[in-house]
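Just one chain follows, in the form predicted alone, and it is written as structure tokens.
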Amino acid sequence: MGAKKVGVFGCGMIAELGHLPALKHVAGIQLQAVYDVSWNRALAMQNKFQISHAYPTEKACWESDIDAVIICTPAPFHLANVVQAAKYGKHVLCEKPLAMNEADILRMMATMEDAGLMLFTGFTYRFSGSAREIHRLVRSGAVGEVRALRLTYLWNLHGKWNWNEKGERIASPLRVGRMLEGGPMVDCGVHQIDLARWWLGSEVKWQRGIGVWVEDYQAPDHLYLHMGHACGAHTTVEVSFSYNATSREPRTHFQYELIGTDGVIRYNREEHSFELRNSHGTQWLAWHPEKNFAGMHGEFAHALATGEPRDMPTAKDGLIATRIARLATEEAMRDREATSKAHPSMLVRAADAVGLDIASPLDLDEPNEDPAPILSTDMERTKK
């Protein structure tokens, strides 16, 4: 059976740095086409990665002979993209979060199911060699029964500020876009939520979200999530977009800890460390980066060839993770303490200086019928 022809829809950061380079080296997949709202951007990616076709319009891309599409546009556009993919008979691997709200995700799932097509979620963390080893270790009982997981991702989202064509400092469009989509738990924390469910093989029965506002968007830019699983284990997820966001020399903190009745599994990205400590001693394990696009696309190729999802994160996985992340964000906003008037954030002070309104409503309940106003086309190009 020949390789499946795949197109990439949206040529922003996540496509350029993650999907496109990986797809060039995956058996069973032929990277056939790219499309972006910016024709020049699509051409640039076609040239950089030696791709057969770059299409100037959405319609031309959908009407091409690709078998599947990888959707890398911002979340507010995912619903429309998936509906079109179903119309043209294309299987879909969609970047997370699947959509802006649960109603849209359910519509995406129903549309693809009615068309007899597969819809997967881009949880690439599952395919890291270290994440897969954790999955094996948990199931082998290497640390006994896992009772607690501590999953942490603190970073600056590439900083708080950008400069416009006039040389003026402005709030980073990337940052603004991701905060308006729901903030760090919706954008990044869904990976950790998915890992906890996958590692434990146990669903989340209850949860609680608590937010911290370093900046003054409606959604919190630093969030804590506590989940209780059906198996009795507990998971805490801590994610941040404001960690070192204004530091001249920023650093990140990314760590997994799984605590069991007979030891601990610990992974730290910055230290390049991965270890198992139990009653038998200490094992230093092979460390891998937290993402593995090539591994995910290899599994995607298998699913396209056989129709069997195997380890591919399904649309249901994406739905569950997004539901938990958005509910945690809603809980945090509902219980938010009054913002200090005496000590406003740097973002508020900067906005006041130029008369900008930086707080926009975050609609977590109603389906987004017209996503275009949420993010401009310029932001679409810079989002991922």
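Start at 1 and count along the sequence shown; that's the residue number. In this text the structure is predicted, and so the values were computed from the model without any measurement.
Although it is not shown, the form predicted in complex with a small molecule is what the next lines describe.
The small molecule in the model of the complex: contacted by all of A75, H78 and H191, heavy atom 4.5 Å = So, yes: the whole triplet contacts the small molecule.
Considering the small molecule in the model of the complex, which of N101, T124, S242, S172 comes within 4.5 Å of it through any heavy atom?
-> If I apply the 4.5 Å criterion carefully, the residue I get is T124.
Selected contact from E238, E299, E215, D187, since only one has a non-hydrogen atom within 4.5 angstroms of the small molecule in the model of the complex = Looking at the other structure, the residue within range turns out to be D187.
So which of 291-299, 216-224, 104-112, 160-168 is the stretch with heavy atoms within 4.5 Å of the small molecule in the model of the complex?
-> Looking at the partner contacts, the answer comes out as 291-299.
Can you check whether L327 is within 4.5 Å of the small molecule in the model of the complex, heavy atom basis?
-> The answer is no: L327 has no heavy atom within 4.5 Å of the small molecule.
Do K90 and the small molecule share at least one heavy atom pair within 4.5 Å in the model of the complex?
-> Contact with the small molecule, no.
Applying a 4.5 Å heavy atom distance criterion, does V37 contact the small molecule in the model of the complex?
-> V37: yes, in contact with the small molecule in the model of the complex.
Is G183 close to the small molecule in the model of the complex, meaning a heavy atom pair under 4.5 Å apart or at it?
-> Output for G183 is no: heavy atoms all beyond 4.5 Å of the small molecule.
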